[in-house]
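In structure tokens, one chain follows: the form predicted alone.
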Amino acid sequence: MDEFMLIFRHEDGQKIASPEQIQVWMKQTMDWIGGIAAQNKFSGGNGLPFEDAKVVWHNNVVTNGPFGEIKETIGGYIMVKADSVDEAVEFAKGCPVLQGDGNSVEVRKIVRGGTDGVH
């Protein structure tokens, strides 16, 4: 069984929704994660708040956040165990982030330790 990272790309919810709507989305997300955990396939995850986000560029130039000129950015991720990328994609299809027009969930296989020569 492999591990996959499901990366949530969406607009900053605090710019487009009320605190009540954000609470609804958070409950939907926790319910979705709970469904994956109930299958013993949830490995972990974190939100990535937009506040105080910085980007360090070439020549040590530091800017505020990666999202100054773009609407879509990374808002969080979870890691899941899956028998295949197709199973991980099926988990991703249930992500509440996908309710937003233009939002996406990127599915990437996790390679640990570099023993395979990839990293």
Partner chain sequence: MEQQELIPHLFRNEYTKITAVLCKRFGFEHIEAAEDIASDTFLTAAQTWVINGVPANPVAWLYNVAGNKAKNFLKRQHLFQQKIAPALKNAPGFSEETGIDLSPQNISDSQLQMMFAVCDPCIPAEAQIGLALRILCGFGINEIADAFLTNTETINKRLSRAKEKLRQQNVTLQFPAAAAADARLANVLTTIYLLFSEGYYSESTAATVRKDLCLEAMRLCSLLTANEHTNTAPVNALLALMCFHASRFDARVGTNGEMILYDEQDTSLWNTDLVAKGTWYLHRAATGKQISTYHIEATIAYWHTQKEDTPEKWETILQLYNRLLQIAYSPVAALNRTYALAKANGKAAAIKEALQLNLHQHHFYFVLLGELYTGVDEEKARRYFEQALALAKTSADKSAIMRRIQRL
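Positions refer to the first chain, counted from 1. On a predicted model such as this, the values are computed, not experimentally measured, just so you know.
Below, we turn to the form predicted in complex with its partner chain, even though it does not appear here.
Only one of the listed residues (30, 85, 48, 55) places a non-hydrogen atom within 4.5 angstroms of its partner chain in the model of the complex, and that residue is 30. Using a 4.5 Å cutoff between non-hydrogen atoms, residue 74 does not count as a contact of its partner chain in the model of the complex. Put simply, residue 40 is close to its partner chain in the model of the complex: some heavy atom of it is within 4.5 Å.
Contact check for residue 35: a non-hydrogen atom falls within 4.5 Å of its partner chain in the model of the complex.
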